[in-house]
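Encoded as C-alpha cells, the following chain is the form predicted on its own, with no partner shown.
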C-alpha cells in the first residue's frame, strides 16, 4: 500500500520528534494546505465561503481552545461562548478607542483580555473539579453577556443595541470580499493550530496531561497544580477570544451578545466530544461534522422527499434533520467514544500494516 514507513529511517532525535515523521503525512498535509489556500479560494462560491467555510474555521479555533482546556488539561468548561464574547467586545473597543490600532493587534489584545477573564473564572478549579467546575464556568456564560448588555460603555452607548463591527483593514487594504476574509481567517487559524500542536508537545503540554490523568501524582513529582491549571485556562480563553473576534468581524459583521449564547457553548462542546477529546485534529473534524453535516442532511432529505414525491413540510424536514443528526452523534460515540480523530488514527494504523491489519 502507499501508506508505509518502510525504508524511512530516523537518524536524529529531531527527525523522530517531528510533527509529521512519516513522509506520506507530510505530503498529505502539504496537499491540504495547497487546497485550502489556493484551490478553495479559486473555485468556491461566495456562499460557500461566507456561510460554510468561514464559520467552520472559526468554530475549529474555538473548539481547539476548549480542547486544550478539557482534552489536554482535564478541566471542564461550559463558558466557551462567553470567552468568545469577551474577545469580540474587547477587539471592538480597542478598534474604537485607540486611533490607528491595527486590526490584527486588536484581535490579539482581544484574546489577551479573554485570557485574563478566563484566569478569573478558572480560579475555582483550584478547589473544585468535574461537573462542579463546569457549573462554575457556566456562570461566565450568564454574567458576561449580561454585563455587556447592561453597561453601555462596551457598546459605545448604542441606542439601537446593534453593535456594528468595524471594517477589516490591513496595511491600508480593506478586506471586503468573502475570499479575502476567508484567507485572513485561514491564516490565523493555521498559525494558531500549529502553535497549539507544538504547545501540547512541550513541557507545559506534558504538565497539562499529567494533571488531567492524576493531579495528585502530578503534584508529587513537582508539577505546580495552581500555575498549570491557570495557564490552561488562559491559553484556552485566548484561543476562544481570538475565535470570537473573528466570528464577529469576519462572519457576523456585528458584536452582538446574543450571538454568543449558551447554545453556542454546547455546540463547541459537542465538536470536541465528536471530534476527539485531546486531539488537535479532532477539533477540526468535530467542527466539520457539527457545521457541515446538518446542511448535508438537509440537502439529502429535501432531495429524497422530491424523489419519492413525499411533499414533506419544511417543519417536518427540519425535525427529521435534527433526529438523524442526533442519531449520528450517538452512533459515532458508541462506535468510538474517543471521536472521529481516533477512527482516523485506527484507519492509518491498519493501512500501515496492510495486508495484515489487526
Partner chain sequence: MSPPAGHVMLSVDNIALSFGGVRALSDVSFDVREGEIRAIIGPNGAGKSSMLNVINGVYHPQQGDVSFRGEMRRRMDPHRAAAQGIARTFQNIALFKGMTVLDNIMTGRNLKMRCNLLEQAIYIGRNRREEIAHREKVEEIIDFLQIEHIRKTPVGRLPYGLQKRVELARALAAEPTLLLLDEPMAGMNVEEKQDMCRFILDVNDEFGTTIVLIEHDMGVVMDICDRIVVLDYGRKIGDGTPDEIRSNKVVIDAYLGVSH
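Positions refer to the first chain, counted from 1. In this text the structure is predicted, and so the values were computed from the model without any measurement.
Another form exists, predicted together with its partner chain; not displayed. Remarks below refer to it.
Contact with its partner chain in the predicted bound form, defined as a heavy atom within 4.5 Å, holds for exactly one of 258, 263, 213, 176, namely 213.
Looking at residue 219, you'd find a heavy atom of it within 4.5 angstroms of its partner chain in the predicted bound form.
When its partner chain is considered in the predicted bound form, residue 134 lies well away from it, no heavy atom lying within 4.5 Å. By the criterion of a heavy atom within 4.5 Å, residue 97 is excluded from the residues contacting its partner chain in the predicted bound form. A residue is said to contact a partner when one of its heavy atoms sits within 4.5 Å of a partner heavy atom; residue 17 meets this definition for its partner chain in the predicted bound form. Of the candidate stretches 108-116, 82-90, 231-239, 179-187, only 231-239 contains residues with a heavy atom within 4.5 Å of its partner chain in the predicted bound form. Along 333-348, a non-hydrogen atom within 4.5 Å of its partner chain in the predicted bound form is carried only by 342.
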